[in-house]
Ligand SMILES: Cc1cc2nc3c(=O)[nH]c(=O)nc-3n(C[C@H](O)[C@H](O)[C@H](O)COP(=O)(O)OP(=O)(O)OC[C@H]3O[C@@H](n4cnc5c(N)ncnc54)[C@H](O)[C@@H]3O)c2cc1C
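So this first bit is one chain, no partners, the form predicted on its own, shown in structure tokens.
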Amino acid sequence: MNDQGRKTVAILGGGPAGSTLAAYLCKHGLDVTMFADGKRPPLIVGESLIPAVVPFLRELGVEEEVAAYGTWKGGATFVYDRDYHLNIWFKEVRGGNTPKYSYNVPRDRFDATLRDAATRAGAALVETTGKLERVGDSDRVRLTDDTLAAARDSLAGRQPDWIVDAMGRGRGLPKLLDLPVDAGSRRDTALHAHLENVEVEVETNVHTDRLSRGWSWRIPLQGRVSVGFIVDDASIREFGATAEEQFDNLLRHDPKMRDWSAPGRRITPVMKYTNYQARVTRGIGTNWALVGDAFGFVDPVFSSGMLIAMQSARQLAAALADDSQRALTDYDAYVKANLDAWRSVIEHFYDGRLLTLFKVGQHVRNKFWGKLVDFHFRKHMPRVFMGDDVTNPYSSWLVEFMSTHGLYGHDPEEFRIL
């Protein structure tokens, strides 16, 4: 507690999860110190926001600022092969509780926007990396003496009541306490860079291209396109020894990519991420909690990471303000259920069932019985990918049911992601 009797919270990390958490905690009246040294990789995954993120931007008072530097996003384009593309338009989705649009954003500016929102809300920003140490063999952690000293203006030499790891996939606190991690079923590598002069089929859409090995994304940004490859670890080594060699060779390897990348020029370094599909099995402890990617990250394919981070931040802020074990336990269960729901949807992308289902839907929607199914389908299924309904039990069941029983004899192996 501080001198005024307010609960104190130290947040390690100033990315979207940490900044969003800080802003919501301040709204609940807690005393917040955020440690962020400002250092960051040149590029970070998470540039494409899904529509369910927009209400958070409004609550934080930053949508107008994000719209000024972001690229308006009206839907998603799935590229099966050279001859078949499928567009999903947010404006055509029936029902839902989210806007029918979103934004693609440069992460450096977006992260700064959220960090500024946190400080405007009242969070103290300490521009250093927060460090932790374990208290004996217990489940408690504490700030190191040098970290506590760096926050003398806000913490005044007192250890905070709560410490939150929002440092992303580095997962410093879980490693310190040797917490078990569920690594997920995929063993993929992500390569990510920005290019100029890359073609896109629809300027307002994020693009997902199915490749001969793995898949790629194309995210339109102002003056450039973010391009990423997701390829299994074993295959990636065939394309070179360095991340740059692997990215550049992959870009020239697949015929479908050559169609849109031929005039392209890479203008950034290549960032490489491995073993990212992981979830810590416990997100709360005696005096600590995890939020955002530090708790778990599923996969970049449906751009769910930012939404999960912001939803989790709001939920954790309410739990810490409530200060009950029940609220904290509910937070832990909520995040796990959210991650599991997205993981289930994403598994059907990789096993080919979702892409097959989308293609079947395009063929049958003009038949009489197909119109009846499509009317219901378009109310629930696309809302999942907008982030609106992924944890809704019925919508989750519908995705599972249709992916299993709605393929009408079509073999999903044709569209499996290898």
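As the structure is a computational prediction, the values presented were derived from the model and not from experiment. Don't overthink the numbering: it's just position in the shown sequence, from 1.
Beyond the structure shown, there is the form predicted in complex with this ligand, which is absent from this document and is the topic of what follows.
In the model of the complex, at least one heavy atom of M167 sits within 4.5 Å of this ligand. When contacts are judged by a 4.5 Å heavy atom cut-off, G352 does not count as touching this ligand in the model of the complex.
In the model of the complex, Y331 stays away from this ligand, with no heavy atom inside 4.5 Å. Although the partner is absent here, V227 lies well away from this ligand in the model of the complex, with no heavy atom inside 4.5 Å. From the list 288-296, 235-243, 195-203, 137-145, the contact stretch for this ligand in the model of the complex under a 4.5 Å heavy atom rule is 288-296. Of the candidates A190, A117, V280, I284, A190 is the one whose heavy atoms come within 4.5 Å of this ligand in the model of the complex; the others do not. Residue R107 is the only one of R186, H348, R107, R213 with a heavy atom lying within 4.5 Å of this ligand in the model of the complex.
In the model of the complex, this ligand lies within 4.5 angstroms of at least one heavy atom of each of the following residues of 37-65: D37, K39, R40, V45, G46, E47, S48, in sequence order.
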